[in-house]
Every structure is written in C-alpha cells, then in structure tokens.
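Shown here is one chain on its own, the form predicted on its own, set out as structure tokens.
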Amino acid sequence: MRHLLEVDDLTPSELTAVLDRAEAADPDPVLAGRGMALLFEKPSARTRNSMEMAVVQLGGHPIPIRGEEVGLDVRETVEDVTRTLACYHAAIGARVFDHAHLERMAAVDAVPIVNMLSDLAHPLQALADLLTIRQELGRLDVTVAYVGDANNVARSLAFAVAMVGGRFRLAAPPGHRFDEATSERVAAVDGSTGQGIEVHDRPELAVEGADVVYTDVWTSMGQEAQAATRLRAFEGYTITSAMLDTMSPNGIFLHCLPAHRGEEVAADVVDGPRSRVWPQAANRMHAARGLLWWLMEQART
C-alpha cells in the first residue's frame, strides 16, 4: 500500500506524475461511490477545503472528523481508529500534532494514508508549491530562498526542491535551522544535486538572485507560548520589497498562509505584483486531487 507521509515517499518521476494529474482537465473519478476520512486534530482553512473539494472532484464523499471524535490513544489506539475508518473509506487523511501517529496509521497498511500536516512535515503544501512554481516559471530546477523558521513546511519544501533538481537556501538564526539529519537527507534525496541546503545568517544573502522567495509564520500552531521569544529571534528577517528587488527579474514570492503582515512579510510584498500566494492557495486543491488520483491508481494495481 502506498502512503504519503513525507514528499520524498514519492520518487521524482512519481512526483512529476502527481503534478501532471493535478493539471489534468478531466480527472478519472477514482473515488466514485467511495469515502475518504479527513481527521483534524488541528484546525484548518486551506487543508479542509482543498481536500474536501479534491475528493468531490474525484467522485468521492469526504467525511471530516474532529480529533476529539476519535481520540487517538485516548478513546482508542491509533491502530484501532485506523482499522475502523478503513472499514468505510478508501483512504484516510490526517492532520495531526505527532508525526508518529501517521507512521502508526501507515503501519496498519489497510488503506492509503495522507499526511495533511504533522509537526514534522507538510507534503501537500510542498506539492502545491511545486505546482505553482512550474506554472509560473515554466520549470522546476529553480533556486528557492526560504526565509524564516525551518519548520514542517520548510522541511517538506526542501525535500521537494531537491527531488526536482532545484537549489534550496535557508536564512534563519541559529536555533531555528534544520538538524543535521534533515540536511543530510535533503542532500541524499533521489533527484537532488547533492548540494544540500545552503544556509545563510541574513535573509538578503539568501534572496539575492533567487527565483522563488518563500516564508511562513515565525510562530506555528502549538508554539504560541514562544511568540515573544521568536519575534526577537527573527528581528530583521521580515521579507521586504527592497529584498525582492535583488531576486531574479522574473522571480515570485510564495507563502503557505496565513500571513502575518508586518511580521514575517511586509504587506506590500504579500499583496504586491510578485506575490503568487492566491494561485498557490488554489493549487492546494489541484495538488491534492492529483495526489489522490495517483494513490488510488496505485491501490488498484
């Protein structure tokens, strides 16, 4: 059974196949008459809407489930919840706090499991990011400058960029960078140039000449108690229009949203002419549809 817990669970050729299906005008109704369970331990705007509509566009019926309704390892074990949902659904998507819960779901191996976000990874966002880059720039072997916390979004994006032969730059203060294991995995991922992650102390150095400039909030869900400390740590890391003046002439700005204007990005950047955050948000649905289509094909073989 194929699952997507991290973007490099796909090979580079499989990733391309998913992106191609995401752009197909007439998707195969591979979920016709079938359901998909969408489990949310964390709230969501883009993930819930994009996943529900992706399932509908493939002919299926999405069932959103709140975390407290199943109570992973509280009311029932993760494994028993997975087995129960697999009785009714063709696939399970889960947006969880603990990535280990997804690994345990996948180990049951009853139906395909899709990571809709965990503390470790956000592969659906990375797929949408690549789809947006390909549509806007016409290629994927680009230089991506990520400015901010090396969080789950950054991790999945780094893997995805490496898989398609791109270059990934990170600008983040000490204590907010990737650990050594992640950096080594990016350098070794199939399809990568082997260059690994280029790390910079200052955002200006990462942004210069980049094709894509990307950022995310400095304080993610579950880190609210660290907000004041993080604001101090990331002082000077706000993406400004002056920074974007040094990037590639045709370069674009991306943000996974929600955006905190005036913190990680200036309002005239996220709302400016280089910003592609709304096509990027729309591509969450298209990328999810492409992935589910591909996964259901794999489940039939």
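In case it trips you up, residue 1 is the first one in the sequence shown, and so on. Quick caveat, the model's predicted, so the values are computed rather than measured.
Below, we refer to the form predicted together with a small molecule, which is not included among the displayed structures.
*Asks:* To verify the annotation, which of these, 43, 262, 236, 273, has a non-hydrogen atom within 4.5 Å of the small molecule in the model of the complex?
*Replies:* It is 43 that has a heavy atom within 4.5 Å of the partner.
*Asks:* Would you mind picking the one in 36, 256, 51, 269 that has a heavy atom within 4.5 Å of the small molecule in the model of the complex?
*Replies:* Answer to the contact question: 256.
*Asks:* Would residue 169 sit within 4.5 Å of the small molecule in the model of the complex, counting heavy atoms only?
*Replies:* Judged by the heavy-atom cut-off of 4.5 Å, residue 169 is well away from the small molecule in the model of the complex.
*Asks:* Does at least one non-hydrogen atom of residue 284 fall within 4.5 angstroms of the small molecule in the model of the complex?
*Replies:* Yes - in the model of the complex, heavy atoms of residue 284 and the small molecule come within 4.5 Å of each other.
*Asks:* Do residue 89 and the small molecule come within 4.5 Å of each other in the model of the complex, heavy atoms counted?
*Replies:* Close contact is absent here: in the model of the complex, residue 89 is far from the small molecule, nothing within 4.5 Å, heavy atoms only.
*Asks:* When the contact criterion is heavy atoms within 4.5 Å, does residue 95 count as touching the small molecule in the model of the complex?
*Replies:* The answer is yes: residue 95 has a heavy atom within 4.5 Å of the small molecule.
*Asks:* Exactly one stretch in 157-165, 79-87, 121-129, 103-111 has heavy atoms within 4.5 Å of the small molecule in the model of the complex; which is it?
*Replies:* So the stretch in question is 121-129.
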